[in-house]
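Coming up, as structure tokens: structure 1 and structure 2, two forms of one and the same protein chain.
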Structure 1
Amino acid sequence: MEEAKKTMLSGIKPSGDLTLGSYLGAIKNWAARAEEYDCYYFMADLHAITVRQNPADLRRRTLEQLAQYIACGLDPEKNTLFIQSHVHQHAELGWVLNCYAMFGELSRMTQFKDKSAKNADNINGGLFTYPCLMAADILLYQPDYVPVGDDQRQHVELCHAIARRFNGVYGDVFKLPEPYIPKVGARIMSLSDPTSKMSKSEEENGGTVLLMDTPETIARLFKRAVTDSETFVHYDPARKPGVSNLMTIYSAVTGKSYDKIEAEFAGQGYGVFKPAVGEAVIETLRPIREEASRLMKDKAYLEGVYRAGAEKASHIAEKTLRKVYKKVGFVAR
């Protein structure tokens, strides 16, 4: 008998556009997981509203993110893709878990402190309790693994603490997922400040390449990329962070080793190297951009994907929610 696949899930907020860094660092490796795991990926729109969003932008970005995921190779036939707010069990279990998370635990979350500092005029209750919603996102599907970056490790630990507390009172209700440390993708830094990670917030500084950028924009960003006063292409992140970052990007999109890259550009200087990296990135992102643009015009197809995804996700999530409701003493619907 064939062994059932282990379950894995991940959610990403549609609060900004996907970057070259997020593609090379993570999404590129996700497509391969579908062969090994039963994967759930959702657009975390409930999480996005802890910070004020323009409603039209949020709707557009949610659909764009879905289209870009499919264009990056996340086949909806092999992965369950859905919009978080379409599966009501997330919010319902999130409320129950609020009542099993301690105030002290939530106030120790470093992301709450960071986001409060950045949004001093909007320190709302959702910002404080969203780790409970995140715990619900995870525990609803009883996953074996949850992919985590360093910035989310604390939330997974809190998820474990809440699950253990609940299980301690009501018996074995939640499976405790193990953190899944993804196969390391390339760590891509900002083109304008190679000491910090490429991110959505760097966009205005010319440091970020977006998946949907035009070839002209990408070429311009790479021509302006920060390098150093030397002229030779050599990998040395400590002494030559800008050039080393460009080499990391070039290696990730061409598969060439650093030695090969050094040999390829020996004696040619940055005036040749930077446009060559830009061109390689343009050709890597071209099919993704074209396919995502095509999908965005096919609203009926995207709707079919997120409806089918929500239906499957809701079916799985309801089993867990029913068990929880019964345990805490709610009258059955």
Structure 2
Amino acid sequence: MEEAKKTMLSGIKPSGDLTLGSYLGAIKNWAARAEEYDCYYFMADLHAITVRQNPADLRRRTLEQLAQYIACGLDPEKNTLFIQSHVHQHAELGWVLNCYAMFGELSRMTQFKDKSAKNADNINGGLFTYPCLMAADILLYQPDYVPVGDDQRQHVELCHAIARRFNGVYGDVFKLPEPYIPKVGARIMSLSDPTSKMSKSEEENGGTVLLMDTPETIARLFKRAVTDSETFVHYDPARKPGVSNLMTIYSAVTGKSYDKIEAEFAGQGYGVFKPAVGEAVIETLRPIREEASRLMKDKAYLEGVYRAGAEKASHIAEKTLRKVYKKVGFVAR
């Protein structure tokens, strides 16, 4: 008998425009694996509202994100692409898993601590129980791998712990998922502050490259990227975080090793190196930006994709949810 395909699943919240960080840390890996795996990717709109969103922006960004997923190479014929809130099983299993995650575990989540510090006036319950909904997103589809950037490792590990706890009580209900994190590009740092992560919600400070930025903007951001007072290109994240981050970006988009990059720029200062990285990024993002802009004009096509995606996702998700409801003792409808 033919062995069943392995499953991959991931999502991104439409809480801002997609960045070079989310592309190199996550989406690039998704697109490369469509043939080998059964793949589910979604726009995590339920997660986005843990931070206050403008409704019109959220709606627009959710569709733009879908167009950008497709433009990054996710063929809707080969990947199931959907909007999280369209598949009601996520919220339902999310509730159940709330009851199997411990207060202490949730309190230790770095993302919760960061986001509460940044949104001190809105530390809501959703922000705290976010990882339970994320665990539901994952466990509904029984994936083998969850391709994410390094910052999400802790959440996938908590999902693992929740699944193990649940299985411990009720038998083997959930498959235990593993994070799938790239070797190069798992943590792209801000261009203006290379000690903090490049992030879509901190776009204003000149440190974030957006997937949809024009070549002129990208060139300017790289020209201004923070480096150090030395003049040579060498990989040393502790001592030279800015230059090392630029090398990581260059390596991720060109496939060149750090040694090769050091040799390529030997004897040349940052005045040559920084624009070269910018140029490589511009050429990587150009086709994505052009295709996403084209797709954004075809709302009927996008609607067809997310509707078909939700239908397929819902079918799979319902099987797991039914099993869970039965195990915990709910009366069948």
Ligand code: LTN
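Between two forms, the rigid core is defined as the largest C-alpha subset superposing within 1.5 Å. Every value quoted in this text rests on a predicted model; they were computed, and no experiment measured them. Residue positions are counted from 1 along structure 1's sequence.
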property: Label of the structure corresponding to the form predicted together with the named molecule; result: 2
property: Threshold 2 Å Cα movement between structures 1 and 2 for Pro76, core superposed; result: no
property: Core-aligned CA displacement of Ala101 at least 2 Å between structures 1 and 2; result: no
property: Core-aligned C-alpha movement of Gly11 between structures 1 and 2 reaching 2 Å; result: no
property: Shift in Å of the Gly271 Cα between structures 1 and 2 [rigid core superposition]; result: 7.3
